[in-house]
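To begin, one chain is listed below as structure tokens, in the form predicted on its own.
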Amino acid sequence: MIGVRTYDRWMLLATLTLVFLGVLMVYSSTSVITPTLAKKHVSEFHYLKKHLFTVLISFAAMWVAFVFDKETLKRLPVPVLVVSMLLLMLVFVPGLGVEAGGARRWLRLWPSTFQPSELVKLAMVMYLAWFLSSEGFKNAVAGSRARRMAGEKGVDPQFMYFLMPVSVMLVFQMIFLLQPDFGAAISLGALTVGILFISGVKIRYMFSLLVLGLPAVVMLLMKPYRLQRVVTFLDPWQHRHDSGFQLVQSFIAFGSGGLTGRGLGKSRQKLDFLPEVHTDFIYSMVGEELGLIVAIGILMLFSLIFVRGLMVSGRWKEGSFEYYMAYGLSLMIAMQALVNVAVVTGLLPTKGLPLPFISYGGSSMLVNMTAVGLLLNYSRSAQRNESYIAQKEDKFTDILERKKAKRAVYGRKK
């Protein structure tokens, strides 16, 4: 008999720490009524109250995902994918869709808004886990290997199965571009390729996909406002008074924070210098108020969640639904965190993407907390499975030892 924890407590602790830091930073970034906030006629607790409500709902979603029956979950990928598609289309319906900054990416839901693109990422992970763990895909991979060893020619059965998830991804990407949301399209593509990479799909198929998609990416980047973002990314200081203003202010925030920061609540960049400081650029304010040490600590917490998620995936049978789900959910959270940090530090062109668990934004918080709940669910089940196997092994070993003892005392039966 061995003692096994019922869930991955390190992952839960890292998540709770990030959420707590998020509550502190959201309040710190919105507690001072700047001219911008004054125009919206909000109080110092306006955003904090809404954020706390989102956190409460997200914890409820995490709990539901934690206790949800895994066998039932296997039947949900296609329905969730269809629902996410419908929600994504509803943003174009007048009265339901909310337009901001020339884009329609949100649905008007009381008491706030919801961004369906966040749900699409979770739905895509579930769909890929269901599809890649199916017998049809496994047989296609095995058949492809057998044909290659036998030297047979013709259409590779694996190629047809490769096209199916790619086609689903392309449909979603086209809808994203109609909103427009170029960043969401790229993020979904990277997530899909990342999951396909571990599934046994031939590398040349994925490389061909990247090569064929490159002209489309270049063409989309030639749009004036997207091209301006790339130019600004290459030399933000040259455009510090216009398109590079936000990124330069982010650099100033990090630089002025130093090793230990100015102190909680003492940010100067939040005083209408750094736009979107409570959402996409909240990591910059972390660096300014709490310093480099805490900023690096946040990266370590995200790394811990990712590594623990991979460990959960590794405890399930390779190629199973749970195996792909744990890997995909871990990759989804880590990728979003990595892109956000890269943007605010000038390593990637500016893209509106919140920092998981920390930024103000209900859609991201709800989806990522649900993902953590599922990971905790799979970690609990995997550990129970390991405990059961260990108990069987211990019982079998005990039987052998008792038989050996009897033979030593009474001798071998004739």
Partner chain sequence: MENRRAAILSTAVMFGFLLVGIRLADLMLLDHDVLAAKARNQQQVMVDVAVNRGLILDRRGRALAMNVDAYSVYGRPFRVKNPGEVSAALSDATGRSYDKVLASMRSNRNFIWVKRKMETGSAERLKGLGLEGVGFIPESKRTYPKGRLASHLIGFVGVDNQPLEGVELRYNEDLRGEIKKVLVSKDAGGRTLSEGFDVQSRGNGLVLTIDEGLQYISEQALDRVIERWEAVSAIAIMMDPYNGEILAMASRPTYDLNDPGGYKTSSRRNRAITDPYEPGSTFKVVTAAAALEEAVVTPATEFDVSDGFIDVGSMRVYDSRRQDRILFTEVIKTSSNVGTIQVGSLIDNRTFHEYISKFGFGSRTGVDLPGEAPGIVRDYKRWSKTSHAAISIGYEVAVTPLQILRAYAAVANGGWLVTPHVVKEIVASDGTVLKQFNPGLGEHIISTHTANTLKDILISVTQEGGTAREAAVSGNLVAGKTGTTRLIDPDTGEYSHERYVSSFVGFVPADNPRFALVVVVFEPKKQYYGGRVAAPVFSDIASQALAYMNVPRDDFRNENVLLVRNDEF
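Given the structure is predicted, the values throughout are model-derived calculations rather than measurements. Numbering follows the first chain given and starts at 1.
Absent from the display: the form predicted in complex with the partner chain. The rest refers to it.
(message) On the criterion of a non-hydrogen atom at 4.5 angstroms or closer, are 256, 323 and 331 all touching the partner chain in the predicted bound form?
(response) Every residue of the candidate spot has a heavy atom within 4.5 Å of the partner chain in the predicted bound form.
(request) Consider the chain as shown here, without its partner, and state which of 189, 157, 180, 291 has a heavy atom within 4.5 Å of the partner chain in the predicted bound form. (result) Looking at 189, 157, 180, 291 one by one, just 291 meets the 4.5 Å heavy-atom criterion.
(request) Answer with one of 342, 89, 98, 163: the residue that has a non-hydrogen atom within 4.5 Å of the partner chain in the predicted bound form. (result) Contact with the partner chain in the predicted bound form is made by 342 alone.
(request) Within 4.5 Å of the partner chain in the predicted bound form, counting heavy atoms only, one of 167 to 175, 81 to 89, 333 to 341, 180 to 188 shows up; tell me which. (result) After filtering at 4.5 Å, what remains is 333 to 341.
(request) May I ask you to check whether residue 60 falls inside a 4.5 Å heavy atom distance of the partner chain in the predicted bound form? (result) No, residue 60 sits far enough from the partner chain in the predicted bound form that none of its heavy atoms falls within 4.5 Å.
(request) Find out whether any non-hydrogen atom of residue 123 is located within 4.5 angstroms of the partner chain in the predicted bound form, and reply yes or no. (result) Judged by the heavy-atom cut-off of 4.5 Å, residue 123 is well away from the partner chain in the predicted bound form.
(message) Test of understanding: in the predicted bound form, would residue 73 fall inside 4.5 Å of the partner chain by heavy atoms?
(response) Close contact is absent here: in the predicted bound form, residue 73 is far from the partner chain, nothing within 4.5 Å, heavy atoms only.
(message) Does any part of residue 269 reach within 4.5 Å of the partner chain in the predicted bound form? Heavy atoms only, please.
(response) The answer is yes: residue 269 has a heavy atom within 4.5 Å of the partner chain.
(message) Pick out the residues of 158 to 176 whose heavy atoms come within 4.5 Å of the partner chain in the predicted bound form.
(response) Heavy-atom contacts to the partner chain in the predicted bound form: nothing from 158 to 176.
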